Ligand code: NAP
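We begin with a single chain expressed as structure tokens, specifically the form predicted on its own.
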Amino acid sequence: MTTKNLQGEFITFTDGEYNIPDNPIVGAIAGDGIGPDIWSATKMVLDAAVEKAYAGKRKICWQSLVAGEAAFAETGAYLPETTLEAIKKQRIAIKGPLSTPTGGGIRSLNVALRHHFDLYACIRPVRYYEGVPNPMKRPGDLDVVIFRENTEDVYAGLEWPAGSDEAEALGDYLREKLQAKVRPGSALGIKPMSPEGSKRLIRAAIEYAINNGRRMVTMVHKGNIMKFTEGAFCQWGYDMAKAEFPDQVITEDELVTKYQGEWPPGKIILNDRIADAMFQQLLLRPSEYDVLATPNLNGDYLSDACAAQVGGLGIAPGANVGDGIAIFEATHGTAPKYAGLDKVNPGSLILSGKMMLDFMGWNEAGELVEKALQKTILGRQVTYDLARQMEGGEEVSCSTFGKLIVEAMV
């Protein structure tokens, strides 16, 4: 059953499945800096796509939420409890970029949200849209979906400054009890990676591949050096896949030894690559890769590097997903010097909205968004970041770009 209010119905999550009503309540955080500009354009596009796809039979009931600078000005908190409680009830939300407080407090509001709701999978699809200026000869060869672990590794936030009592005490323990070579006075951080955290991330990547017709999942790690953290991440992934997906997943070794190199229909290959080599692979042989599953830091680097290959963060969507809660977001920063100028490309947030529609099972509306965005880019009436690099490009405002996308929906 769904829980109703005057404007719509709450999404529920039962037995691992989201139950989406035709009028779901979805949280919306406009964000800081350019956030209100790009959210206004995004909302216009998403509402138009849903209206056109379902002829009024479905509608998103947006509930505005505050976080970041706007929240601090209104409530004295950067991440108010009322916002957290609302997202918990709504289960699905979308957000613009948020500023991080300076000089103490929360290190990152984005990280705080991920940890609070245990949003363990950062999902970043990266593909090329024809006509987007980019540095590559064949940008269309890259079409990957990156699953980055969101809560462990360096994002656990376990570090202490050089000279602090905590760092000195930990350093003494490491030197005296474990005979570790740690210089006195060092800053220290801990990189935790667990079987549970690693397996659930790799499991999500495999399930995505199965459900979306993808053929390969590649675990990206630095296990040749960090054998008991990143190396274990890789081994835990292989062990989990063998136990939970024996009829659907084969390893790269099995492809050679059992299938003589012939890809068996309906099977997904699970393999792994060393992180530094993977950067070269994605530049030189991008078409050979499909879904990537990574620990936190590797995925942080790779997702932005891949976005650069197809045109940059202005066109890169993303989501942070856990068990029962998902937050879709612009992947870039707040760009405060452009705040309120109606200038910046809303593409990242629009495509994150497209991800959200697909996640909800409203694929018809999501497809309308993507096709209309592609058509608009080919029409060369685009925001400044694209127009200045595009031969014959005409610069338009953020809001005008959104309106052109709506007009392109057929």
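In this text, residue numbers run from 1 along the sequence as written. Keep in mind that this is a model prediction, so the values were computed, not measured.
The next section is about a form of this same protein that is not shown, the form predicted in complex with the ligand.
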{"item": "Single option in Ala30, Leu351, Val344, Leu368 placed near the ligand in the model of the complex, where near means a heavy atom within 4.5 Å", "value": "Val344"}
{"item": "One residue of Lys258, Arg183, Lys337, Arg285 in contact with the ligand, assessed in the model of the complex (non-hydrogen atom, 4.5 angstroms)", "value": "Lys337"}
{"item": "The ligand in the model of the complex: contacting segment from 355-363, 50-58, 377-385, 22-30, heavy atom within 4.5 Å", "value": "377-385"}
{"item": "Any non-hydrogen atom of Glu149 within 4.5 angstroms of the ligand in the model of the complex", "value": "no"}
{"item": "Contact of Leu98 with the ligand in the model of the complex (heavy atom, 4.5 Å)", "value": "yes"}
{"item": "4.5 Å heavy atom contact, Glu329 and the ligand in the model of the complex", "value": "yes"}
{"item": "Contact label in the model of the complex: Gly333 to the ligand, heavy atom within 4.5 Å", "value": "yes"}
{"item": "Within 45-76, the residues that have a heavy atom no more than 4.5 Å from the ligand in the model of the complex", "value": "none"}
